[in-house]
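Shown below, as structure tokens, is a lone chain in the form predicted on its own; questions about how it binds or moves come after it.
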């Protein structure tokens, strides 16, 4: 992805670039805008008055002048701003620049006097990088966007951190956007190993025989129905010094989900290449973590598989045994993700982490409850839940705490096994979280990203185009950086 952000000590009008981007605040040009206007003999002021552009938040006015292209960006009223709004503005600016084919734009460091140039540089850079993303790999003749953004009077280290995080988001988006005939479990493992080689992470990949030898019967029951073999992926980041904590990330890795013999209708299969968005998020987060080098040990786990129909596929009424010895009665083969995650969580728990955060496109129930933009946060440990929620707030990803209602455990009781893989439709997302908690032997948080993990249209996604969103990468990275 040829989208870059750098900083300069100069003001917008002092930097030579084909496009300059300045703010309209309270209906008037910002100080940077007035400096630029002065260098253009008052052209911006005249056009602003003639156009009656009020500069409501998020609106923009494109002004092509003989000397330079100018983009006026509305910041709305003079008061009441929030730092995270700059991320949204960055996305809109990047969209305008990329769509016009502009190769370089000098951008005002909006509201730096209010929030400090370190924080505004970081958040604005994230927005610019997120908004510039495009997935053009399979479009004949299409070229990836190329643009450089220069934040005037910005803070360089903050933009470097933003770039490291967003490169993880880009990776997650790329993985989700790949078609399922390309991104099989084997290919997902290969790409995880490639990330490890490029960043210095440790990688371990297990095949069918090793999965069975470890006793991962729940995971294997799902995986064995496909001709494409499963792969269990482990990535490890170790700090140079003794780690302050040992943390685990677990991501759901269904590279395609037909629903198995509890077959999905055709419309519901259209986005099932994105059923590995949780896996993509943890792999993307690990790439960023390797670059940012926090003083904690981080291990990421993905049980990659396809849920298919064949003579080898598992059935309704099967009973399978997970790695921790618990038996599971299968009442719905389309509740397969929790079976793969059960063994991934059990494996992660054996490494004795201080905390586990798991992320998955797990339930339609969560989408019904929270819509397409908000993830459900289910905390088996309240302190850990608050920490992850705070990280999400800082990262600009929407999560909402959901209850882990103990009474609902009764709905998962089986007459012939230790637990059922589904209970009732009512409260289904809660029951799924309670199911997962049975296999996590450490402080545990489950993030259900069935809504925000994949955007069917641009309107569903505030930070980029339709397709994979990379949701969760920024939250996971922020949480980990705050544990040092």
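Numbering follows the first chain given and starts at 1. What you are looking at is a predicted structure, and each value in this text was computed from that prediction instead of being measured.
From this point on, the text means the form predicted together with a small molecule, which you will not see here.
Screening 93-101, 131-139, 327-335, 159-167 for residues having heavy atoms within 4.5 Å of the small molecule in the predicted bound form returns a single hit, 327-335. Within 4.5 Å of some heavy atom of the small molecule in the predicted bound form lies at least one heavy atom of residue 272. Within 4.5 Å of some heavy atom of the small molecule in the predicted bound form lies at least one heavy atom of residue 361. For residue 442, no non-hydrogen atom is located within 4.5 Å of the small molecule in the predicted bound form, even though that partner is not displayed.
With a 4.5 Å cutoff on heavy atoms, residue 264 counts as touching the small molecule in the predicted bound form. The candidate spot formed by 223, 231 and 343 is out of contact with the small molecule in the predicted bound form: none of the three has a heavy atom within 4.5 Å. When the small molecule is considered in the predicted bound form, only one residue from 422, 68, 40, 437 comes within 4.5 Å through any heavy atom, namely 422. Out of the listed residues 450, 44, 430, 455, 450 is the one that sits within 4.5 Å of the small molecule in the predicted bound form by at least one heavy atom.
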